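This document opens with one chain alone, in structure tokens, the form predicted alone.
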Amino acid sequence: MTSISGKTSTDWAAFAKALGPVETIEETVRVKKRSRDFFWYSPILDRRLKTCFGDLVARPKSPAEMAQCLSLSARHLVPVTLRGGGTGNYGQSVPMEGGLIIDTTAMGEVLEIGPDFVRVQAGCNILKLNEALKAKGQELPVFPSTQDIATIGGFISGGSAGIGTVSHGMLRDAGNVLEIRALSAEENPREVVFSGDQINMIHHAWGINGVIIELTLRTVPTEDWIGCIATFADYPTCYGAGMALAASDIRRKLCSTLDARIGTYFDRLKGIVREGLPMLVTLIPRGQMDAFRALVAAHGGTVDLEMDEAERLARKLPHAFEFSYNHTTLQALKTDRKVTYLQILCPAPLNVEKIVELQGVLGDDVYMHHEFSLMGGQRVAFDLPLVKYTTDERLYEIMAIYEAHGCPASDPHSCIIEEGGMKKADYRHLAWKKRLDPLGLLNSPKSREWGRVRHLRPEAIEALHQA
């Protein structure tokens, strides 16, 4: 078997045979399919990554089989890229140097459900996990809008926020992730357990510094959630209602506001939600619906849609949360491939005046979309605006406008971890990469700084973080 990527000289047929009982995928079409994620949301990343492919896919079914994959890779110095459901947006699971793709989805067992926690294998599908928890009267406090496809390990490795963040904070906030078990990429893989403050040494590191095999996560009591969409006369009013809901005592699991023009992409809502108006999308406990209706009315809005899970299924409608986060971008891209998006932080304290100010300086090619969130104990909003793409320069001009008005931008058009939300190297991540991936096999092209520090000892790399 020759190299599909054209970047390796490994005898891949022999490599697959040496993996023994581990399931492998060698067919070119299937390998190429598993070499992609949702990077095509970005025209810039699409140009950069669409020709990047792995050479072989392995599907280990246990930690022992995962260790076998890592051991053989270390012996042959083969690049390794971890993959869950492939729902990342920045090319996190795209193998830029070819090599072995490890598909974790066969390691998908729910291992233990406790009174307020769940222990689960990293490759577990999040919908399956939430269904198992619901049967016990629990749910994840935070999960992605892509739960039907995404794996929990991929979410913890590549994500930071999601459905529930408005009430329960970011994934990195204390108590949401209780423990992470990871393997090193060495000839004799070691298991390392991260807990407490150490969780963030491997969380949101894009799989560059250890292979997550098991997680213990906080759970919360489930609710009888009602998916709701309310409409308002204009976007500042809608945003103000979102601010009020996020700050209220109503136990909302989602709080999203969307520019009226975004609604034109939601074909499934035609005839249900009033057209041409901005929308507030949320999930409200049934027992608090009266309070929610009163809040919407106080802001001059109308609740156009209320549906519990049974009603949603009967009407064959998407989940309410599929009109939030980057599912909004996906809905638009289904009919308009000239749309892309940005990621902007609206820091505390939130105010409607900032939105009016931004509307005055942003062009007609920017459609605002805010996700209200709790971050470090403060109420913030993440603007994930849809942008009518024209040029790369215009995308970065829009980011600069946001920055100039006090709203930091995270670049979703880069597959380099230091160029995205972090904007600088997290040398603690790289110190752990040195400990758990001394050969630099794990997704190394995604870090700009790794090549500069890989020769240093872990303690010296950590010292750079302090500096």
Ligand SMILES: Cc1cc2nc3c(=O)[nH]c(=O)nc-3n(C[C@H](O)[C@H](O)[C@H](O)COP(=O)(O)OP(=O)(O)OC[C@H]3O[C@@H](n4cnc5c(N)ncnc54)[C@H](O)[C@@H]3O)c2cc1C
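Predicted model only: the values in this text are computed from it and were never measured. Throughout, we count residues from 1 along the sequence that is shown.
There is also a form predicted together with the named molecule; it is not shown, and the following applies to it.
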* Asked: Is residue 373 close enough to the named molecule in the predicted bound form to count, meaning some heavy atom within 4.5 Å?
  -> no
* To do: Classify residue 162 as contacting or not contacting the named molecule in the predicted bound form by the rule of any non-hydrogen atom within 4.5 angstroms, answering yes or no.
  => yes
* Could you confirm whether residue 158 comes within 4.5 Å of the named molecule in the predicted bound form, counting heavy atoms only? => yes
* To do: Report yes if any heavy atom of residue 369 sits within 4.5 Å of a heavy atom of the named molecule in the predicted bound form; otherwise report no.
  => no
* Complete contact of 169, 245 and 256 with the named molecule in the predicted bound form (any heavy atom, 4.5 Å) -> no
* State the residue from 184, 231, 219, 145 whose non-hydrogen atoms include one within 4.5 Å of the named molecule in the predicted bound form. => 145
* Structure fact -> Answer key: of 211, 238, 381, 100, within 4.5 Å of the named molecule in the predicted bound form (heavy atoms) is 211
* Asked: Can you say which of 391 to 399, 69 to 77, 326 to 334, 310 to 318 gets within 4.5 Å of the named molecule in the predicted bound form, counting heavy atoms only?
  -> 326 to 334
* Does anything in 30 to 59 come within 4.5 Å of the named molecule in the predicted bound form by heavy atoms, and if so which residues, in order? -> 38, 41
